[in-house]
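Laid out below as structure tokens are two forms of one and the same protein chain, each shown alone and named structure 1 and structure 2.
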Structure 1
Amino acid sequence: MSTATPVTLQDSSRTRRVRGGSASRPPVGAAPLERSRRRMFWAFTTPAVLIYVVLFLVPVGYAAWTSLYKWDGIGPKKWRGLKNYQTLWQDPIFRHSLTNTLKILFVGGILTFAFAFALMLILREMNRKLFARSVLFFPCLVNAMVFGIAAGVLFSPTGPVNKTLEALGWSHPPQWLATEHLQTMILGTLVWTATGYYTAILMAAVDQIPEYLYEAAELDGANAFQRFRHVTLPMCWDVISVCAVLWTVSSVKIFELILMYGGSSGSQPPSDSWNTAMYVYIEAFPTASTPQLGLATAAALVSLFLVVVFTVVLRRLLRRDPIEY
């Protein structure tokens, strides 16, 4: 969405052809600006790469190494090879956790973005949209812990929610906090908090779209949905694709919400509500048994692998030629 992309930096096939196919090495006497930029590349990149290697690649490598052992974190490591991965594969709780992770990712993602788009549609045309945006963003500021605690009071069978529903004539309101509903509750809370966050980001992109495009569409007789479909959506596609990646990465990591909804009196949440992050946490920090760091790191690596795969696939699926305006 940048308004002035310098032509010199676009290393398209056409410019390469013009340069005679020697794009990787600038000919002697290339533009001084480009030469100095190339000199600066490593100076600026090296620290970042170093930090990335030390803080990310090395720990991931160490985790991969640990995942091949049975280890309680204190005593000696015992070689297990790929057996930890085999254990994960055979463990019905891990498979269930994986399904839950995917449910959060896809079902949660689709709902969140459906709501966010609907809100985009409404907010753009709305009076006092700044106020509305603040209200929508608010749930994102509240810590998941608060939801976990508040849910115990709000959604208990005799809590205010059910009291209200009964007053409205619903004789048997749902048992919100029953184990079989935990996942839906977690998903609901997640969608509710995330919608405001993504709406805020998307609205920032929508605000950049020039008003005359909407006016022109309106003059052509486009209704609100058509304006969204033909103006808003293509104009902020880049931001949408970034949001989709953000959601993928963050949804796989969710775990405090699950812990707070399910666990009470210091106990673990029921395993039916776990996702892979929760699985890793329970294996690494059990309450009354030995930590299984090998198994935990193996599960964490499976999660990492998932995130990488989904991110790459998403980026490919959402790739469009950028529209400049």
Structure 2
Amino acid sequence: MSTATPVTLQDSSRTRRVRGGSASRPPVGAAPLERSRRRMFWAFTTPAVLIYVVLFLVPVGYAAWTSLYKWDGIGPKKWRGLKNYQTLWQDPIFRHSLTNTLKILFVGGILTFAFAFALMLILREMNRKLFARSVLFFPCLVNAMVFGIAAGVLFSPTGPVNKTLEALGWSHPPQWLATEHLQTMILGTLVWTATGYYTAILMAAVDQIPEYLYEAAELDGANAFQRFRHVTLPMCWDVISVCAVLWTVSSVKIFELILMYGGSSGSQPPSDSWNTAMYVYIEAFPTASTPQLGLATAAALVSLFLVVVFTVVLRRLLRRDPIEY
């Protein structure tokens, strides 16, 4: 009695491949399915692309066109070509603003992620980490105007901070809100408020790491830092990459902290504390001169160019093969 198994389509195509025959054709039903998927792709993607073009590319194009003119926002435009960009390059205030922007980006970023990694290392090992995480995240919920008002009260020459320092024997406490200290105060507040935000994101990624990986590392004798180095860091690398991009985009747009720390009674902050976002605001809405919207949009485009360059470089540097577990 014959016991041969029936030959199926799959077995037949596999046999042809083994014997060196031509590659099997896709199933007949795959072509309509593929065409249906392509139609669904464009049906769902086209509205998003149109919204992106209308709300982002068109305004950027209009800003690039405006940056080639001298314009106060009301009168006729006067063609200047690339002279607005030449003015920016020759303006020492803009160069100093650009330096402050890079200082916030790099120094603030290094400090923020150093504290976030340290807190992640501590929170991973402690009890009641959800409560601690909520406390750390709380400063992100507070408006920057509150920090400006609180700083004016706490760090004034006769405020509680200086009174405490004098009681401890410090005869000449620093003038915290003086012009030479504004950049440090802004940077410190920014790091303080951003650390909890990025710690919360990183801890959400840490919570997804299987516990047995940490247990295996402990059995191998790894201490807390080694577990962070060889388990936590590789497993959270994609989230760290996204956080780095988020920081790059958000740090260039810092505006309200500088305005609240440096401005008072309607006056503008001292130029030593400006970044490029504040430079754009002052040129577009000056308090005692004619608005220069062409110069302001040119400065805004320089900021956009910086964000794009740093984001692309970061994505290239932080690209790693995904780890599956």
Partner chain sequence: MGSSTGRSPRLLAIATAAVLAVGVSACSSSKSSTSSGSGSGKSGGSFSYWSMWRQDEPQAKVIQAAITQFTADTGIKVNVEWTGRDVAKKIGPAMAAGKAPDMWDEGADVIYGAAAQNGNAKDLSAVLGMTIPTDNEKVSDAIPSKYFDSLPKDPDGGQHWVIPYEASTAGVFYDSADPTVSAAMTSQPATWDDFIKVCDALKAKSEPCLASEGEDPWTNGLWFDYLVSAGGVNFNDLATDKTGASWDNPAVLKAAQQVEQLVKGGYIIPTYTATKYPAQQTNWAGGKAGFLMNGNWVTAEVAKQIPATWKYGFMLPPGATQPDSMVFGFALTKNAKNVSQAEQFMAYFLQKKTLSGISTVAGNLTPRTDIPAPAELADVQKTLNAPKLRLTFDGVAGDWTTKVWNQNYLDFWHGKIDAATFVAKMKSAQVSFWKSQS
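Just so we're on the same page, rigid core means the largest C-alpha set that superposes within 1.5 Å between forms. Residues are numbered by position in structure 1's sequence, first residue being 1. Just so it is clear, the model here is predicted, and its values are computed rather than measured.
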(request) Eyeball the pair and call it: which is the form predicted in complex with the partner chain? (result) 1
(message) Using the rigid core as the reference frame, would you say Ser36 shifts its C-alpha by 2 Å or more between structures 1 and 2?
(response) yes
